[in-house]
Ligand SMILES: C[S@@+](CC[C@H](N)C(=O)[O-])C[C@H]1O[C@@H](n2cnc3c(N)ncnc32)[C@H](O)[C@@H]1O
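Before any questions on how it binds or moves, here is one chain, the form predicted alone, in C-alpha cells.
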C-alpha cells in the first residue's frame, strides 16, 4: 500500500541508528567549514522529518537530555513504535507526531537542527517542496539542516536496476514483501542468463549480489516507492538556495577534504577554483559519488579566524578513536589511500589517547608550543577525517585503572534497548551523554552486556549460551555455524573474556556502565 504521494506504508522501514545525524557530528562539520554552529549547552530543539522507527531520534534524545527532539512520520505503525520506545526509555524530551509534511502542528515552532535521512530521494516533487517550506519556516537563524540523498553520477549505471525491480513488482500479486521478493528473483534470473545490460555493466551485475544480502524491507522502501530520484549536488543546492539556505559542509568528515576524495592526478583542478559549489560537483565526478549527506544553514555566520573558532564553539571535544593506534596510520577512503605520520601527530595521538580535550586546550599543550596554531588545528581536523580522532560533546574521563566489580546500566533507555534488541541480528546502539551520540556494538556483544549488567561476571558465559539457545541463534567460525557444543562454549567464553577486558573499560569510561550502588 502507498500513500497518495506514492510512499509505501504497509511495510515498516528497517530500524537503524545513523551517527551522522547527531548534533555533535553536524556541528563539527559546520565548524570545520568556518560556520558557527548552534550552541547545544542547553535548550536546543531538533526536528527529524521521516523519523521511521525512531532509533536515531530516541538514541539522540537519550544522549542529549538538554535538547528537545521531535520526530515526524507518515506511517502510523512507525509512530506507535517510537511512542513505545519514548515511554519505556523515560524520554521526557522526545515526541513523535503522526503527520505528513504539509499538516505539521501550527505551534511546532523553530528548531536549531532539522534532519531527514532516507526521505529526499524517495518522495514526490510536491513533498520535496513541502520539505523546503519547512526548512524555510522552521529552521532557526543560524540553524543547520542535514539532508541525505541518492547522488549522481554514482547511480548512473544502477538506475535501470531500480526501474526493472519496480516494474516487475507492479506485475506481481501479494503484499509488498512478496512482490519485492519476486522482483529480486527475476533480477537474479536475467542477470544469470546474461542479459545484455549486465554484460555491458559488470559493476551492475556484481551489485545484484549485494542486494541479495539486504533486508527485504530496505529493498522495498529503496526501490518500490513511486517517486525515486537521484540528484546531482548542484540540483539539491539550487533547491535549498531557493529558500535562502547555504551549503556549509557534508558528512562523513573526510568528504570535506577534496584531497581525501580525489586522486592526485585530479587535484590541480581543485586548486584553481574558489567556488565550493563547483568544487563539490567536480568532486562527485572524480569520486563517482552515489550518496550524499549535506548540511545547509539559514543565515550562516562565518568564523573569521582561529581565535574565533576557539571562542565561538562550545561542546566539541576530541579524543583518540582507540588507545592502541600506532603511526604511521594508513587508511583507504574508497578513492585514495592516505598515511598519517610525523612528530605532530605522535604528540596529538599520545595526548588524545589519555584525555578528551577541546581545541583550546590542545593548542595550549606544552609539547605543542613550537607549532603554529593553524597547523595544529589542521592536523586535528585531518586526524578526524582519517579515523585517528573522534569528536565528543563533552569531556570523557581517562580509562580507569580498576573497573568496579559490580556494574549496572544507569539509563532506562539503554536498559530497554538492550533487553529488546540483544541477538536481534543487527547492531545495537546505546545512548552516550558524554559524546552526545550513540555507541554501537554487535547484537552478540549486546547480549553479553545485558547479562553482565543483570547478574554480574559469575557464570557469564553460561548465561550467554542460554540466551543463544533461547533465541535459536547460531555462532559462526570461519563463515560456518558451530555445531560442536565444546567449541561453541570455548568461542563464547573467549568472547566474554575479550568483552570484559576491552569493551567494559570503554563503556565505563563513557558512562554507559556505572558502579552499582550498594543496597
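Computed from a prediction, not measured in an experiment: that's the story for all the values here. Residue numbers count along the first chain shown, from 1.
Not pictured, yet referred to below: the form predicted together with this ligand.
Trainee: Looking in the model of the complex, any heavy atom of residue 358 within 4.5 Å of this ligand?
Mentor: Residue 358: no, not in contact with this ligand in the model of the complex.
Trainee: May I ask you to state whether residue 373 is within 4.5 Å of this ligand in the model of the complex, using heavy atom distances?
Mentor: Answer no; every heavy atom of residue 373 is more than 4.5 Å from this ligand in the model of the complex.
Trainee: Any chance residue 346 has a heavy atom within 4.5 Å of this ligand in the model of the complex?
Mentor: So residue 346 does not count as contacting this ligand.
Trainee: So, in the model of the complex, is residue 231 in contact with this ligand at a 4.5 angstroms heavy atom limit?
Mentor: Residue 231: no, not in contact with this ligand in the model of the complex.
Trainee: For the interface check, one of 118-126, 264-272, 178-186, 307-315 should have non-hydrogen atoms within 4.5 Å of this ligand in the model of the complex; which one?
Mentor: The contacting stretch here is 118-126.
Trainee: Sort through 341, 99, 170, 420 and report the residue having a heavy atom within 4.5 Å of this ligand in the model of the complex.
Mentor: For this set of options, the contacting one is 99.
Trainee: Tell me, out of 74, 434, 441, 205, which residue has a non-hydrogen atom within 4.5 angstroms of this ligand in the model of the complex.
Mentor: Contact with this ligand in the model of the complex is made by 74 alone.
Trainee: In sequence order, which positions of 41-59 have a non-hydrogen atom within 4.5 Å of this ligand in the model of the complex?
Mentor: Contacts from 41-59: 48, 50, 51, 52.
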